[in-house]
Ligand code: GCO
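One chain comes next, on its own, written as structure tokens: the form predicted on its own.
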């Protein structure tokens, strides 16, 4: 690969809210004009993206009538048909409107909880109509500033009741939808419930239909907590729960920066891309990021192209890593063993227990063995930087 141009099989997607971001931040007004959702579809077709993801009120205003909603959706559907851009994922905004100031599904007000469920059902119907097969839940207001305000256990139960309801609704409608839960440790609330991918995986196991629900991990959200994102992805993959993924970039311990993929933590991004490619992740690679506030529309296009190009460059670097003779030789040496403990692979048995008890380990000799991780890490650095 030399041109690093996106192709449909790469399945790169962007949200309406990413390309349409107007450059507002907590301390400054917008620096870009809003972009019509139909125009966003055409921008994504121009830069070579596979798909656009639907955030309900980025397309349909929250107070639109049913007639207005129908007209907007039909216009959007026409743009998808004209460009060939797909719409594989949808999600609902349950955090911007003042009604959600104390959460949506976890609010203390039963009216708010019911309204949030109604809003999600309405979004699900449109999402399926437009072709979505994944539905994401991010609980941006599902948290608290003071634990005096509500029971954390009750909040989790309310979240479970809502997700169970949506699973049953999807089944009743025969929708081909999978649900993906997205974790974040904080922001906009002081503390959010179910703050990490691992917490989400534990929560999913308690649902009535856990087979329908997976996770949508985001780089920035795990990095905000100082965690290794690739490890979260690996856990989700091993559990069969990596239903979707949000790619961006983020320095550890900062506010939610949502930088262009590859713009900040290159080594971490390399291992992330390598993992996804090595295991054969075939889902959409969604860039939940936005252009710097300094950019105009041309800069937004540069941002979108940069996200996809960075992924493809790191994919090429991962292939070089896998083909490098010295690196692979080191890995074989590091992992070499004569098979003497293969009897443990079958799990517990009385025979395995007796063999394990009887074996004499030369603890000091094992501890003296150098593992050559320094050399391996330096070679990885040289692959990434293009020296090797």
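As the structure is a prediction and not an experimental result, all values here were calculated from the model. Positions refer to the first chain, counted from 1.
Below: the form predicted in complex with this ligand, not depicted.
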item	value
Site test, 133, 179 and 211 vs this ligand in the predicted complex, non-hydrogen atom cutoff 4.5 Å	no
Segment that reaches this ligand in the predicted complex - one of 106-114, 203-211, 180-188, 300-308, heavy atoms within 4.5 Å	180-188
Partner proximity in the predicted complex: residue 142 to this ligand, non-hydrogen atom cutoff 4.5 Å	no
Any non-hydrogen atom of residue 95 within 4.5 angstroms of this ligand in the predicted complex	yes
Proximity of residue 288 to this ligand in the predicted complex, heavy atoms at 4.5 Å	yes
Residue 316: touches this ligand in the predicted complex, heavy atom cutoff 4.5 angstroms	no
Candidate from 138, 229, 243, 261 lying within 4.5 Å of this ligand in the predicted complex - any heavy atom	138
Partner contacts for 212-251, taking this ligand in the predicted complex and a 4.5 Å heavy atom cut-off	218, 221, 246
